[in-house]
Structures are given as structure tokens and as C-alpha cells.
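One chain comes next, on its own, written out as C-alpha cells in the form predicted alone.
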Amino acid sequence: MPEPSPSTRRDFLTGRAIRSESMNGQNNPAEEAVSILSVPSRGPTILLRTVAMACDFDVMLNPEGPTVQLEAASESLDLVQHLEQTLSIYRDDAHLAQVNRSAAESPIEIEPDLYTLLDQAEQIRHATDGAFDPTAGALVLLWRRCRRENRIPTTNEIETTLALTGGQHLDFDRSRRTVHFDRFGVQLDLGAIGKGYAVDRAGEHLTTKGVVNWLVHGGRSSVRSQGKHAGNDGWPVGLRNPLLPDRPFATFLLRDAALSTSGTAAQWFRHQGKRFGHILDPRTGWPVETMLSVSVIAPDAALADALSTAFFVLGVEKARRCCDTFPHVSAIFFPPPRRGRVLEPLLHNVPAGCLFVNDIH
């Protein structure tokens, strides 16, 4: 492959090759959304952290905030710990793990937090034609086991496990707040929405305590902010280059909204020379290979979390159409490079003036 020209390499590194799939000869909406000048930066912050759901959860506050904010932030992180006890499938005593063990035998009453999240997850599953599916737990477990065994699943294993996937296996009784599985082996897995939900609950607790300006993130892939920071009309949030994870691509100015990114730069494995990412298409049972990453901006972090996974699975064209069905949702797609080595992020419905490209000299 020939080496790119200096200008092409610069475009690749800085992400300036940004375009919109819906230009139709008009002014490029992406150009209105993107600036390469005056990249906003963070100022002094107060940071509180806890470890939950196998990642760091951080609360960031302005130093000049109300005196109650430290206590409120500590309480919000305690809430995250409580939610892990409810939503985890890797802790035997967690409520979701108990549901997975018992719901095929008889209907199981669900705790309010879990019921709220399952109800939202099922709505998103329908809206994304199954590209996001909370019943894909058996597929996740199959691929995790095969990775430990240094192999990929057989076609028969995939087909058998797909028979345990899908919302048709769930029977909800909303009046009694119970769920029942129609067969043994069905497994709920909320890993693609749980962190976002925890971020939402932590942020909502801060708001109820009178904290106006805050940012909460879980694992640096799900983040929600409210208010202003360091003279900015929002909180600066970094977006990584999906091909060069150690390099910044851009800064997004986030205010009163959430942002979530799904990608395979950090989680993947190689088998017989082929790379397999960790994001599975629950409709086929196989890892998705058509995207590098997707970032979604949405009113709440649970929705952004789930949609970033769904859009990754759907691919650009179907994801754009799906995105338009959700109010106040926008997306930044990173498909594999075309035309040599030029990285071309695609912006869809991204608000004007909120995305700042990090210049590299």
C-alpha cells in the first residue's frame, strides 16, 4: 500500500476528513458541527471515584460548587455500588444473576431498578430490530468460554445458542413486576446498558441534592453531564481516534446530555491470524466487523449506551435511519478507512458547534 501524502496523513490523524452521508450537494452539515479552533479544555475539578462494574466510575465537580456537593457525590457513588449488586451477572448474589438462575422455573419478582432498566432495554430492542438485545447473555458466555479455550464457536454452537436469544423468550407481568423465561438457558445480560443506567442514577442523585454543575462517567465509555464548567457552555469530553486509541480525535462539548462510545479498539482477540471484536450481532451470533466505533449523544446515558451498541451492529445506513426515530439523538460513526488510509468520521444530526477537532502539529 502506498504511503499517504503528508496532508492525507494529517487528515487521518486529526480526523479532519469528516463528512455527512446526506449532503446531496448542499452545504455539509458536518462542517457546521465541527470546529478546529479554540478547543475547549477542562479547568480545575473535584473528582471522586469508585470501582464498580469492572471499571472506574468518576464524579467531577466544579470547585466553587455548593458545600453539599461532596456529600452528594459520595452518596451517588454509593448508589452505583448498590446498582452493581442488582445488575451484575458475575456476582452470584446479584439480583440479575438470581433471575437468570431461576426465571425458567417460575416467574421471578424483579426489584424496581432492574425492572425499570429491563423495560427500557426491551423498548430499545424493538426499536433497533434486535441489534441491541438484553437476552444475548448466552451468546456472550459462549464467546467468553471459547476465548478461554483459544478457539471460536462452531456453527452448531452458534445456532444452538441463538435459539436461547430474543425477547420472545421473556414473559413480563407488568402488574406484578415479574419475568419468566420460556426455556432453560436464556440469559439476560445488561452489560451494554447497565453502566449508562448507573451513570444516569448517579447524576440524577446529584441534581436532587441541588448540585447544578456535574459530570459522571463510567469506564470512560459512558458519560453524562449537566451545567457548565471552566467558562465553557458545557463539559469538554474527549473522543479517541479508534485506530490510534492513545491519540485524541476530538473534543465534544457536552451539556445536559449523555455520550456513549462503542468500539473494539480495547477489547478483542486474535485466532488463527484473524481479529475478533467483543461486540456481537445478537441476530447472527458473530462479532461485528463493519465498524471501528460509534459515539451516540442522547438525553440519558442508558439510551446512549444501548444505541451506541445497536448502531455499531446495524452499520451506518441502517443506524442513520434508526437514529432518526429517536428524538434528540445524534451519532458519530467511524467506519473502516476508505480510499487508502484516510479516516472519515460520519456525523449524523450532531448539533452545530459542539465538536472540536484536536489539531496535531
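In case it trips you up, residue 1 is the first one in the sequence shown, and so on. The structure displayed is predicted, hence computed values, not measured ones.
What comes next is about the form predicted together with a small molecule, which is not displayed.
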Exercise. Any of the heavy atoms of H278 lying within 4.5 Å of the small molecule in the predicted complex?
Worked result: yes
For this session: Answer with yes or no whether A138 is in contact with the small molecule in the predicted complex, where contact means some heavy atom within 4.5 Å.
Result: no
Exercise. Taking heavy atoms and a 4.5 Å cut-off, does A192 contact the small molecule in the predicted complex?
Worked result: yes
Exercise. Taking 4.5 angstroms as the cut-off for heavy atoms, does S295 touch the small molecule in the predicted complex?
Worked result: no
Exercise. Heavy atoms within 4.5 Å of the small molecule in the predicted complex: which stretch among 280-288, 98-106, 236-244, 145-153?
Worked result: 280-288
Exercise. Can you pick the one in A72, A131, A257, L118 that has a heavy atom within 4.5 Å of the small molecule in the predicted complex?
Worked result: A131
For this session: Only one of T251, Q226, Q187, S262 comes within 4.5 Å of the small molecule in the predicted complex by heavy atoms, so just point that one out.
Result: S262
